[in-house]
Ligand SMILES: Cc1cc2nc3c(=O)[nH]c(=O)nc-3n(C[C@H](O)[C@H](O)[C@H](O)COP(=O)(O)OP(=O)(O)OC[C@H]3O[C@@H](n4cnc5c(N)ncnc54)[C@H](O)[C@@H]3O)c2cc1C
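Below you'll find only one chain, the form predicted on its own, shown as structure tokens.
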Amino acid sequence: MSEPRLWENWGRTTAAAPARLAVPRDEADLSSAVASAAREGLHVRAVGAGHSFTPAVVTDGLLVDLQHLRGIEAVERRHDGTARVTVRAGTRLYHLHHLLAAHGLAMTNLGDIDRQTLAGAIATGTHGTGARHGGLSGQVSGLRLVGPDGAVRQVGVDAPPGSPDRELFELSRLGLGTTGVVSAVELEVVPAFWLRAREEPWPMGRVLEDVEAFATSADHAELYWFPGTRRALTMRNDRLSPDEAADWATGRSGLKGRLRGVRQEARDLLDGELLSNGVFELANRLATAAPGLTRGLNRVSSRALGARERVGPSYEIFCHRRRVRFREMEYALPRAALADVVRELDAWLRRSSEPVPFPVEVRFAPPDDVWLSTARGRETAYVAVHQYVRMPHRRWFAAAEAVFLAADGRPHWGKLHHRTAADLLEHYPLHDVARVRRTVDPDGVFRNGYTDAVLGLPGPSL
């Protein structure tokens, strides 16, 4: 247990000065730290990699860093090749990819950033893209939770529907850490697979004229639209069959394959590091110094990343390094509203001449039944707006949020927004959320200002 120190998140949007910091070595150490803090009347929050833009982990009490709780504990295989894997909560996603691959396994879907811890990613509703492939919380089948008294409780999907354990599981797999500190996660994983990735510049109008056709044109479809332009970089990833993947893997081991791999790595370095990070950082610094150049810079950026095709293990294709620091707001929208939303954003940007050098990201998800999932009960399109960390973001984000709300949008729990429980009650079973929280944490040990605002107080009513 260490003395207070300032904690700041990756996006530099929030900070905290907790009374104490705990970095437990194991689950027993974690239980002891939580129970001790609760007895002293301290609030407890757990921190992962700090990639949330909201103050979800801010506390003036005990901040728990799970960096030592990492690695795979157990693998339960099934005859169909799938498996249930128990993973310690502090495992970084980029580390988990390789641990699973060593067992011939993979997560069925991922976001495009993998610096997060597993527990942090599921707690805030991290998702990838795919009209038939849901977010990370939907891949969770069980959790181990450390409660306010330090007791460890196992909950999961195998509990009877409507039972206290099942309800605790439903909230804990995406609940902003309000039911306890997760020490381990059970994941439903699949046999390792490869993806063929196609990146192509498209006119934005081509996407908007039939959103559903684009969303279902690949197993995992997304796009980046450059504000002030009519162009988008589309990304469509399709799963290879095991035979196709084996052919590619074998081909990579031969001389021609190695040469092709060197060429692909060189192109990845050019697009991923030089253009997407190095030159992009420079473009954003230029836009900061001379905002009037932004539209021209966006036109250049929209043409710099041309068509290419890549093939590789799923996690290599899903995930990208994002070295340019930014701030982000993302809303989940009914998929049918996407075209009108993009047109409204475009119209506002053209009217206002607001300098926005970061592209707008669009992704997709199927309906699910996770209590606090932003895709709960509807076909979803995600629209994320960004701004470079050195540039003002509030006017752009306020305008975008107004458009999102008019389209019945739901904010990402880990990204900037201004919604409260009163606004969100129509989207989520917040009365059930409050009831479960009241039962497992009657003294509100795991609450903070953000959870109070978006989920309601853990009292008799919202």
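In case it trips you up, residue 1 is the first one in the sequence shown, and so on. Predicted model only: the values in this text are computed from it and were never measured.
Unshown form predicted together with the ligand; subsequent notes refer to it.
> Taking the ligand as it sits in the predicted bound form, is residue 338 in contact with it (heavy atom to heavy atom, 4.5 Å or less)?
Residue 338: no contact with the ligand in the predicted bound form.
> In the predicted bound form, is there a heavy atom of the ligand that lies within 4.5 Å of any heavy atom of residue 116, even though the partner is absent here?
Residue 116: yes, in contact with the ligand in the predicted bound form.
> Are any of the heavy atoms in residue 411 no more than 4.5 Å from a heavy atom of the ligand in the predicted bound form?
Answer no; every heavy atom of residue 411 is more than 4.5 Å from the ligand in the predicted bound form.
> Indicate whether the ligand has at least one heavy atom within 4.5 Å of a heavy atom of residue 363 in the predicted bound form.
Within the cut-off, so yes.
> Out of the stretches listed (174-182, 95-103, 365-373, 242-250), which one is close to the ligand in the predicted bound form, meaning heavy atoms within 4.5 Å?
Flagged stretch: 174-182.
> Identify, from the list 131, 311, 385, 89, the residue with a heavy atom within 4.5 Å of the ligand in the predicted bound form.
None of the others qualify; the residue that does is 89.
> Within 4.5 Å, heavy atoms only, which of 237, 126, 298, 109 is in contact with the ligand in the predicted bound form?
Contact with the ligand in the predicted bound form is made by 126 alone.
> Looking in the predicted bound form, is the ligand within 4.5 angstroms of a heavy atom from every one of 46, 49 and 121?
Yes: 46, 49 and 121 each sit within 4.5 Å of the ligand in the predicted bound form.
> Note that the ligand is not shown here; using its position in the predicted bound form, name the residues of 55-81 with a heavy atom within 4.5 Å of it, in sequence order.
Heavy-atom contacts to the ligand in the predicted bound form: 56, 57, 66.
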